[in-house]
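Next comes just one chain, in structure tokens: the form predicted alone.
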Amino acid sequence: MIYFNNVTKVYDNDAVALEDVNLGIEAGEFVFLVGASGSGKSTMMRLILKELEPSRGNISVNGVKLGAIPRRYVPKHRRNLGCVFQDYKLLPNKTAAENVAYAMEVTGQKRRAVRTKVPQILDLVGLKDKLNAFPGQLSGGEQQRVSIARAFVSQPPILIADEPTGNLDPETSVGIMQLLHRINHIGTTVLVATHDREMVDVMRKRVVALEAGRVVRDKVRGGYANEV
């Protein structure tokens, strides 16, 4: 589903963010991407989203070479990716249901489908009683659950999450990771970038460790403490 082939990314200030990265993530996998700040995790996420272009090498996502996608088709590429971020990125003037519905509306889905799927997905993430709550009325964990619902409502084949528990307490973080595990169990490929050592150790999923832009460890059912 996601393949990096000898990928290097050098920024304009000559800072090397990634160097000769080779990585393959297969359909249905759950993978943690770990490493210290500046190790290259966020750069990899932005390359997958085609927010950045590699300096060298090739990236394929969902069977498509990103270098061959014209700029005008980038939004279509991103519709095949569910994205979850540390700061939630919810629209503050829309309710939980409206935030999720908006993600469907911008892709042209029919109103009937929106009315049916929005309550279903909010029920899946444990927020069936919060449909009409605004982000400011929700806890951080609840806001992140809305963000996950929005990312998953169209059931994309891939979900990527950049520090999804970075602003949450440990107990809430467990619930968020359990939710991502449930989504993965449905069949979605999940890639999570995180600093949360304890969570990675508990989940016992595949761990890819970055250091100074290079993949230094890649272990199936690994633990953070053993990787960096």
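Bear in mind that the values here come from a model prediction, so they are computed numbers and not experimental data. One rule holds for the numbers: they count along the sequence shown, beginning at 1.
Same protein, other form: the form predicted in complex with a small molecule, not shown, and the subject of what follows.
The small molecule in the predicted complex comes within 4.5 Å of no heavy atom belonging to G166. Contact check for G38: a heavy atom falls within 4.5 Å of the small molecule in the predicted complex. In the predicted complex, the small molecule sits within 4.5 Å of a heavy atom belonging to S42. For A15, a non-hydrogen atom is located within 4.5 Å of the small molecule in the predicted complex, even though that partner is not displayed.
When the small molecule is considered in the predicted complex, only one residue from K65, R46, R56, H181 comes within 4.5 Å through any heavy atom, namely R46.
With the small molecule left out of view, the stretch that reaches within 4.5 Å of it through heavy atoms in the predicted complex is, among 181 to 189, 56 to 64, 198 to 206, 29 to 37, 29 to 37.
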